[in-house]
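Shown below, as structure tokens, is a lone chain in the form predicted on its own; questions about how it binds or moves come after it.
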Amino acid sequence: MNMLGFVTLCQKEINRFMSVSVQTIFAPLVSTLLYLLIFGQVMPADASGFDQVSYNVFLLPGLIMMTMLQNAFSNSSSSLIQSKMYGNLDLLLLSPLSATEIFLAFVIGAIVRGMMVGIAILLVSQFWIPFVWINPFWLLSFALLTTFVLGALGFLAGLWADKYDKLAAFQNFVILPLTFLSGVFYSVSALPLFWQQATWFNPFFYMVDGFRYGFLGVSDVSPWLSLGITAVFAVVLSLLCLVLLAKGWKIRR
């Protein structure tokens, strides 16, 4: 493994989004706090669907996870398409870095950005919604695994898109609906049977539900099921990205 090159590429990916931290860290923090403020005031306290859990407390983990997912996806996808458009990716493929090292560096950058945004929201929100984390193991496991999955999905979208319009379409018509319909704002048990069953096919639901379990100790499905499904997605997306990158899909002409 080319450790020096790998670490350097990881640092480049982190420095890229940190250089515009107002846009990549502060803006998601403000928008998420606005969601929390508005929905927390509008919805009744017992709207969570779980006994002894107020709606504000129920809502916060879902909003944190939604923001982490969206930012992890945005980081790897935007970085990769910039590298493609400016020709930097061709240089990376010619460097002594393997496809695995390139893929992991982009995904690590996405994980770091997602985690930084999530931690920032959690710290600020504690001023008016303080609570104790029930299970830090589940909390950290889902935070790392889901940002990895969305980093890999962003990498795949960046490979597929050849211009920003396609990338924006993927985010607006795939990522955004899946995150908003993943149980962030409501318990799935409160939905009609048809929509409950439809939700089972949304992989983002298991990410949000498992992360919420780490906070509250309650969930709509077993956290082990959520962890298993999320892990399968991580493996499948990783293998797909590595195969396509090694073949130079939509890169080499």
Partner chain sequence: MSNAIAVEISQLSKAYQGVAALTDVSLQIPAGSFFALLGPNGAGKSTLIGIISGLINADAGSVKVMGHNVQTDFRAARRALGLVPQELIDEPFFSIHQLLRIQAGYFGLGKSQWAWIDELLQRLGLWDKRDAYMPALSGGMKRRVLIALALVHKPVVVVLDEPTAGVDIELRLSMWAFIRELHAQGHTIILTTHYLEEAEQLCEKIAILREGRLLALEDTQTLIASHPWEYIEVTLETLPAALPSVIADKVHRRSANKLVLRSARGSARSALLSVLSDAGLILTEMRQIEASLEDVFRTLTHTDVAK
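Just so it is clear, the structure is predicted and the values come from calculations on it, not from any experiment. Positions refer to the first chain, counted from 1.
This next part talks about the form predicted in complex with its partner chain, which is not shown.
Trainee: Among 167-175, 114-122, 78-86, 148-156, which stretch has residues whose heavy atoms lie within 4.5 Å of its partner chain in the predicted complex?
Mentor: It is 78-86 that comes within 4.5 Å of the partner.
Trainee: Considering non-hydrogen atoms and a 4.5 Å limit, does its partner chain approach A234 in the predicted complex?
Mentor: No, A234 sits far enough from its partner chain in the predicted complex that none of its heavy atoms falls within 4.5 Å.
Trainee: Is S98 close enough to touch its partner chain in the predicted complex, meaning at least one heavy atom pair within 4.5 Å?
Mentor: Output for S98 is yes: heavy atoms within 4.5 Å of its partner chain.
Trainee: Heavy atom to heavy atom, is L92 within 4.5 Å of its partner chain in the predicted complex?
Mentor: Heavy-atom contact with its partner chain at 4.5 Å: present for L92.
Trainee: Closest heavy atom of I229 to its partner chain in the predicted complex, within 4.5 Å or not?
Mentor: The answer is no: I229 has no heavy atom within 4.5 Å of its partner chain.
Trainee: Which residues, if any, of 1-31 lie within 4.5 Å of its partner chain in the predicted complex when only heavy atoms count?
Mentor: Residues within 4.5 Å: M1, N2, L4, G5, T8, L9, K12, N15, R16, S19, V20.
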